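Below, in structure tokens: the form predicted alone, a single chain.
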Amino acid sequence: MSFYADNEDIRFYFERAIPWDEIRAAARYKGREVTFATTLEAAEFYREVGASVGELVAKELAPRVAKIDREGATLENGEAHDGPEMAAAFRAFKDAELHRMCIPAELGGLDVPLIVYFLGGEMIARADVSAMTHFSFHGGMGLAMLWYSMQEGTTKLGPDGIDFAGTRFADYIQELARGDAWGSMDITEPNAGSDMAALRARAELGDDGVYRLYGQKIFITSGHGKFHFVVARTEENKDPHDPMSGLGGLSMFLVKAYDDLPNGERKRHVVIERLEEKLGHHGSVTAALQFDGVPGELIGKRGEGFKYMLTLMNGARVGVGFEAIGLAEAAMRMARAYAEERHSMGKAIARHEMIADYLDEMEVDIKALRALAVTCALNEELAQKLYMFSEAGDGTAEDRTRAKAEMAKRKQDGRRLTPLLKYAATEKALEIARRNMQIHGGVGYTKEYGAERLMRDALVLPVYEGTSQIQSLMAMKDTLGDIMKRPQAFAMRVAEARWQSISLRDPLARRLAKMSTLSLSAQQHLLTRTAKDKWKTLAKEPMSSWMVALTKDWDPKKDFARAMLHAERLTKILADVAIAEILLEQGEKWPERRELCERWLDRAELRVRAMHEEITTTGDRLLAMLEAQEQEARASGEARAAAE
């Protein structure tokens, strides 16, 4: 059994759709070893890696999952320990050198592209998402260290090439690549989750030039690791207009949580206060950590913590997208296997119309989401490689200029698509896990088949690494902000979509154009109503202040209330249209993919129409109610202040 060999859609990407030649072309850095003579040779190796991961996961992880779920993790004498079965699976991963996958060869890695790493992560998640989340904090942490080093200038990028071996964190990266250590990303605090401006953990610079961190971090996945990326405040959060206050006062640090001494003892610097008792993801350690004067290495400059966090978070969200697809794949296969063997009313329930419809939708959704995830991963990968090529490529100055332009486009596409992936994949994984449990009926509520475990594990996916609602607000903000910056370009897009919806010869392309027209109409409606609501507030202000208010004085929490109300609906539309665009493009290159595009459009068109109707016809009553409540609260506060 192999989670690679039995998945024809994953094989489609490895064998046909991933642009290996483009990835290799973007990875030409001076001073690097040439691992493969040809793209054909490289692609064959990458397929072998994918196949090996699929076989290893099916053999070493999948059979252990039920026990991993039962055993969980433990905290003894201040140290967190994986359960015996999880530990055994990761010994197999280490022996197979999986943690080396995405690390450059100069640092002891296998130097495989990120897309291979992400698809490998999906296969791991299909077996157990708690193992996948832990796996990502091995080699993934090493790659993040390298990327941070390049951004801050402590990895040499110049005329002589890239000196990976001389990177600031080379020793740490090699330790991670060997599988001898792992790390974590420490952001969340008791009173600060999505609102990072409220973070209170602090870092103080001592007279000895060493930063020391103080505070608590909670919900830290793999928080028992050795290396921690920690976001902490270096400037006091006083004046909201001060750029070094709020988000501008945060800095990023690399912290060693412990040192292993020559005598075999461990000297711990970061205290593990407790392990969270979770509904799912039992095999993964989720810890609360205490920092009490722990030394930390500043990454970049003071005040750049939020920027570096976004770099880390973007890749993490792409990873969660693949994780969600892996869980959904497991749930779909479990549901189909049960439905084909369970008979009712004279036939297998898989042939009952409602169940057949469920199974068909699951399959289409998973393949469609995988197309979006692969696109996001390629944007992430090529943006990184093009950055390195533009700084230390072996081409001409003109080549490097083109690389910078392509890099900017890839980053922009990644920023647009990644929140859509995180939203759509995690929400759909939860839906598919729920349907799998329903198809199993009563036994789905027991632990016999594992459907309930997938349901429990799926529940957190729309929550961590940025909730679905945060992803929606990001997508809405960027979409409407782009229209405000380039209104003429938006008007041209509207006209083009309307014309294409009636003029294109390809029926699938016409259907996509109609969906795009509805999407643009919803965006236009939100922006128009936002501007109209803004005009209403100006009636109480002197006319001389109108121009400033309309061009500068926008309050996101107040003026964009309608857009925030409908942000999730808009995100659903944007995701459906983006996936349709990708599938249509695939259908134009590979005719056998047209059927998948058609099946996607059959369902997506109806959803887009429904979301468009909700956006354009609802919201007035709720917004009026909230405004009344706000006015009442203000009046009550003024009355209390007057009484005092």
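Numbering starts at 1 and follows the sequence shown. Everything quoted here is computed from the prediction, not taken from an experiment.
The same protein also has a form predicted together with a small molecule, omitted here; what follows describes it.
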Query raised in the report: Contact between I470 and the small molecule in the model of the complex at 4.5 Å, heavy atoms?
Result: yes
Report task. Evaluate M185 for contact with the small molecule in the model of the complex, applying a 4.5 angstroms cut-off between non-hydrogen atoms, and reply yes or no. Result -> yes
Query raised in the report: Would R493 count as touching the small molecule in the model of the complex under a 4.5 Å heavy atom rule?
Result: no
Query raised in the report: Even though the small molecule is not shown here, does E85 get within 4.5 Å of it in the model of the complex, heavy atoms only?
Result: no
Query raised in the report: Between the options E380, E465, D365, E391, which residue brings a heavy atom to within 4.5 Å of the small molecule in the model of the complex?
Result: E465
Report summary line: The listed residue (Q523, T155, S251, T221) that reaches within 4.5 Å of the small molecule in the model of the complex by any heavy atom is T221
Query raised in the report: Which one, 213-221, 294-302, 93-101, 397-405, holds residues whose non-hydrogen atoms are within 4.5 Å of the small molecule in the model of the complex?
Result: 213-221
**Report entry** Heavy atom distance at most 4.5 Å to the small molecule in the model of the complex, all of Q500, T517 and R603
**Finding:** no
